[in-house]
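One chain comes next, on its own, written as structure tokens: the form predicted on its own.
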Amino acid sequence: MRDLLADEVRVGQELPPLRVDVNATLIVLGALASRDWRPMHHDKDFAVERNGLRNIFVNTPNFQAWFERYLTDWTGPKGRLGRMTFKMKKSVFPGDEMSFSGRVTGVTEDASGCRWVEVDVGVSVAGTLTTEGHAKIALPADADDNPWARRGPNWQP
């Protein structure tokens, strides 16, 4: 995998799509990994009978992890997430296919020389936007730059 350099990114650029088939195992393992013991993320009977839902559903930390994977698959290993926000609008259930998309909205450089790329991201299921967000990612300026080496005043996300 090669590292994406900041000079290779332009405002309006679309990120490659990522499609993920969701099953119960993906949802349960995501809940377990984040220590989310709420039964609506692992107990179908509870989700359906007690909460009136279609099934168990993807939790917030699991979504965060998928967004991080989506962005770092695009940037390569030197891409460093600075900030990310997202809003879950609809639940994602087993049997759904998550379709990730993204578009570059800004490319800047701060006073320390750190190169930043801003990206709007979204997840759709069957053409309906279920989650939308925004991320700020540090990218290397050149092959010798590494955003992961930045500390203190040189790291201001």
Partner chain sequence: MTRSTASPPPGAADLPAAVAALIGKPQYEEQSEFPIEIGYVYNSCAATQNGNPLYWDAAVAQALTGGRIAPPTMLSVWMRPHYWAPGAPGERKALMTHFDLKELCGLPEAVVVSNEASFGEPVRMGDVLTSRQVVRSVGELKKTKLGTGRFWVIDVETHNQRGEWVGTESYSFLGYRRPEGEA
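Please read all numbers here as calculations on a predicted model, not as lab measurements. Positions refer to the first chain, counted from 1.
What follows is about the form predicted together with the partner chain, which we do not show.
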message: Under a 4.5 Å heavy atom criterion, is residue 54 part of the interface with the partner chain in the predicted bound form?
response: no
- request: Would you please decide whether residue 102 lies within 4.5 angstroms of the partner chain in the predicted bound form, comparing each non-hydrogen atom pair?
  value: no
query: Is there any non-hydrogen atom of residue 154 lying within 4.5 Å of the partner chain in the predicted bound form?
result: no
query: Can any non-hydrogen atom of residue 66 be found within 4.5 angstroms of the partner chain in the predicted bound form?
result: yes
task: Answer yes or no: in the predicted bound form, does the partner chain come within 4.5 Å of a heavy atom in every one of 24, 44 and 124?
output: no
query: If we check the partner chain in the predicted bound form, which of the residues in 73 to 110 reach within 4.5 angstroms of it by a non-hydrogen atom?
result: 77, 78, 80, 81, 82, 83, 84, 85, 86, 87, 88
